[in-house]
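This document starts with one chain, in the form predicted on its own, laid out as C-alpha cells.
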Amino acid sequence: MSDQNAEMSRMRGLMLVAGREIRVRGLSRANVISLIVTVVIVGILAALPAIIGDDGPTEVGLAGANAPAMEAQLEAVGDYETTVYDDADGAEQAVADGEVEAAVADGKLYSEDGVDAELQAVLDSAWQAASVEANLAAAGLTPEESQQALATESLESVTLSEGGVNSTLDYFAGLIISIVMFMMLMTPVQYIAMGVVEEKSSRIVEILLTSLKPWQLLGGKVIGLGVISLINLVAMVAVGLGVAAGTGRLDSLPDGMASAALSSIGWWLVAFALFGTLAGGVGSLVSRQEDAGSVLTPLIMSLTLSYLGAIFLLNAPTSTFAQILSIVPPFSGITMPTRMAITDVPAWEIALALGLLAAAAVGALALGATLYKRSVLYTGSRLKLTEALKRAA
C-alpha cells in the first residue's frame, strides 16, 4: 500500500508541475494571440486554392478515333480548350512541350506530373462517353451488342516524369502540414529550454527540488507545454480540414490527405517527446538567458533542416533523397507526414520511420533527463555536454 501511495505522490508532483505550465503558458496572452494568428494563417492557406481559382480553361490534347466525340463532350462540359492532333505521338509531345496540360489518345491519359482528381474524372467520363458513342455506331442495337458496346475501361494514366506533385492543391496540402509541424515543434521547444533557464537563473529550481524530483520538474514542464501545443495543433488541423470542407475542396484533396493531417498529430507527439526533453536537458547546461541560444542551436538547426527537407520533397516526393529524409530521425518527424499527404508511401517505410523516430525519442528522453538531473543545480559558466554527463547524479 505504501508503494502505491508513493507512486500516487510522484504522479501528483508531476501533474502539479504540468498544471502550472498549462495555467501560466497556455492561458497567457502571448499564447492565445499566437494561436489565433496561426489558426488564421492555416485557414487562409487552406482556402488559398479556392481563392486563387482557375487561371482560364484547361488545355487538353486529343488524338485517335474517339477525338471528335471527346471534343464534343468536353465542349459540353465547358472550361476546357481542346486541340486535336494527328496521332498519339503528337499528343504526347504536346504534353512534353507544355502546350497542353494533359492529352488523351488511344485509351491513355498523358500528363507531365499527373493530373488532379477533378480533371481525371472529367477526362475519364468524356472518354467513356465517346467510347460508348463509337461502339454503338459500329455495333447493332440488339441487347447483347449494346451491352458489349457499353463495356469500357478507365483511362490508363501515363506520367512522363516521376517524383512530381500532381497539382497545386497537392503542393498546398503538403505545405500546410510542413509549416504547422515546424511551428508546433519550434515554439514549445524554445519555451521548454527558456523555462528551465529562467527557473535556474532565479534559483527557484532549488526551492522546487526540496519537494520534487528533477524528473518531475522536467517531465511536468514537457507534459504541460505538450498539452498546450497539442490543443493548438488539433485546432489547426480542425480549421484546415474545416475550411477545405467549407470551400468544397475536401473531396478534391489528394488521396490520404485527411488521414495524413490526422496522423500528423501522432507524428508530432513522438517528435515533441524527442525535441522537448532534449531542449530541457540542454537548457539546464546554462544559467543565463543570453546563453540559451548557443545550446539550443543544434536543435533549432535540426528542426530547420527538417522543414527545408519537407519543402524539397514537395517537388520530388518519390525521389531517393526524399525517401531517406522521411525515414531517418529526427527529420522524419516533419518530412514523413508531409510526404504522406502528397503521395502514396509504402506501409513498410511508414512503420520503419515511426519505429526509428520512437527509438530516437526514447534515447532523447534518457539523455535529456540525465542532463537535467546532473546540471540543473549547477551555476556559473556554460557547462559542456561531456562535463555534464561525467558529473555525479
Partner chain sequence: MLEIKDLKKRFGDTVALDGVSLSAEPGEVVGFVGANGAGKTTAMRIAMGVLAADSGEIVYNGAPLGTEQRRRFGYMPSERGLYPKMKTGDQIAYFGELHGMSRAEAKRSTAELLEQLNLTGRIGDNVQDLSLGNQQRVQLAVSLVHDPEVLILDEPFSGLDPIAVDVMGTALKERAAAGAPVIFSSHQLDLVERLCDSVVIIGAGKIIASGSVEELKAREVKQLRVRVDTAEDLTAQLPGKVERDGEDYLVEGADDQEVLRIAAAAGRVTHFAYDQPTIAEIFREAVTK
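This one's a predicted model, so the numbers in the text were calculated from it and none came from an experiment. Residue numbers count along the first chain shown, from 1.
A second form of this protein, the form predicted together with the partner chain, is not displayed here; the remarks below concern that form.
A heavy atom within 4.5 Å of the partner chain in the predicted complex is found for one listed residue only; from 369, 377, 385, 22, this is 377. This chain appears without its partner; in the predicted complex, the one residue of 262, 186, 208, 119 with a heavy atom within 4.5 Å of the partner chain is 208. Taking the partner from the other structure, the partner chain in the predicted complex has a heavy atom within 4.5 Å of a heavy atom of residue 213. Remark: residue 112 does not count among the residues lining the partner chain in the predicted complex, judged by a heavy atom distance of 4.5 Å or less.
Heavy atoms of residue 204 reach within 4.5 Å of the partner chain in the predicted complex, making it an interface residue. Using a 4.5 angstroms threshold between heavy atoms, residue 198 counts as touching the partner chain in the predicted complex. Screening 57-65, 328-336, 356-364, 22-30 for residues having heavy atoms within 4.5 Å of the partner chain in the predicted complex returns a single hit, 22-30.
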